[in-house]
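Below, in structure tokens: the form predicted alone, a single chain.
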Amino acid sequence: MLLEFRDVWKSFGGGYILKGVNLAVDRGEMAAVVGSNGSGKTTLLRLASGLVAPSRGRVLIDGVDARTTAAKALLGYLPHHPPLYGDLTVRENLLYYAGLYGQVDLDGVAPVVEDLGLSPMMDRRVAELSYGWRKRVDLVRTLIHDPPLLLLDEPFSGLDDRGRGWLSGFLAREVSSGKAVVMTSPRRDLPPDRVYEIREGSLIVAPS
């Protein structure tokens, strides 16, 4: 199993935001987690990405603790707010992140750059871009090292119709190629067959 939550609890400020979460997502599967603001959707992804530790239980990626370097090399995490450097150009941002994975160029993501319409933006400073364009840049950043697991926090927010259409098709292709996708959204009209809802800290299968 590529991603596993085993009886995971997470507390903040003395109360539990997640309670006894069990989740399993393997290669070739897409799962969405919906819920109201503050329900714990982002916390769930931060646990999966190894950025925070569970208060109880275990989070595993390909059988190892999500906080290990080996686990983090297997995932691409798209947060709701793009972690980009405003004073750097789009190209400089992407080359910086590529370097963290030992890559010296952006050849591997060139088709994505083109599909998202980013080619004319590559030498513009990120601070000059709208949220929607920064979101496109961050999608490319997430994919730079071709990870088998994609963790996407509200990936469709800030995208126009073209961007949303491209992303829907892209994710479907990624899953068909054997990758795993876990995304969050406040919406219920989502493409995955498996939709979960966080309700009072518990993860349940969302009613159809």
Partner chain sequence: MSLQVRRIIWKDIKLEVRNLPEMGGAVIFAVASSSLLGFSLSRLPVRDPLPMAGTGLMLIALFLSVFTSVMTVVREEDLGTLDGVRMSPVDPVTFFSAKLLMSLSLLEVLLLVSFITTVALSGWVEGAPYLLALLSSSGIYLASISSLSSAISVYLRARGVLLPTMILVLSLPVIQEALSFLSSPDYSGALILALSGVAFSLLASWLAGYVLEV
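What you see is a predicted model, and the numbers here were worked out from it, not measured in a lab. Positions refer to the first chain, counted from 1.
Note that the form predicted together with the partner chain isn't included here; everything after this is about it.
R67, R56, R27, R164: which sits within 4.5 Å of the partner chain in the predicted complex by any heavy atom? Contact with the partner chain in the predicted complex is made by R67 alone.
Between the options D87, E114, E128, D107, which residue brings a heavy atom to within 4.5 Å of the partner chain in the predicted complex? Partner contact (heavy atom, 4.5 Å) among the options: D87.
Although the partner isn't part of this model, could you tell me whether P120 comes within 4.5 Å of the partner chain in the predicted complex, counting any heavy atom of the residue? No, P120 stays farther than 4.5 Å from the partner chain in the predicted complex.
In the predicted complex, G132 touching the partner chain (heavy atom, 4.5 Å): G132 lies outside the contact set for the partner chain.
Spell out, yes or no, whether the shortest heavy atom distance between V52 and the partner chain in the predicted complex is within 4.5 Å. Looking in the predicted complex, residue contacts with the partner chain include V52, since a heavy atom lies within 4.5 Å.
Is K179 a contact residue for the partner chain in the predicted complex, using a 4.5 Å heavy atom cut-off? Taking the distances in the predicted complex, the answer for K179 is no, it never comes within 4.5 Å of the partner chain.
Listed by sequence position, which residues of 1-30 have a non-hydrogen atom within 4.5 angstroms of the partner chain in the predicted complex? Residues within 4.5 Å: none in this stretch.
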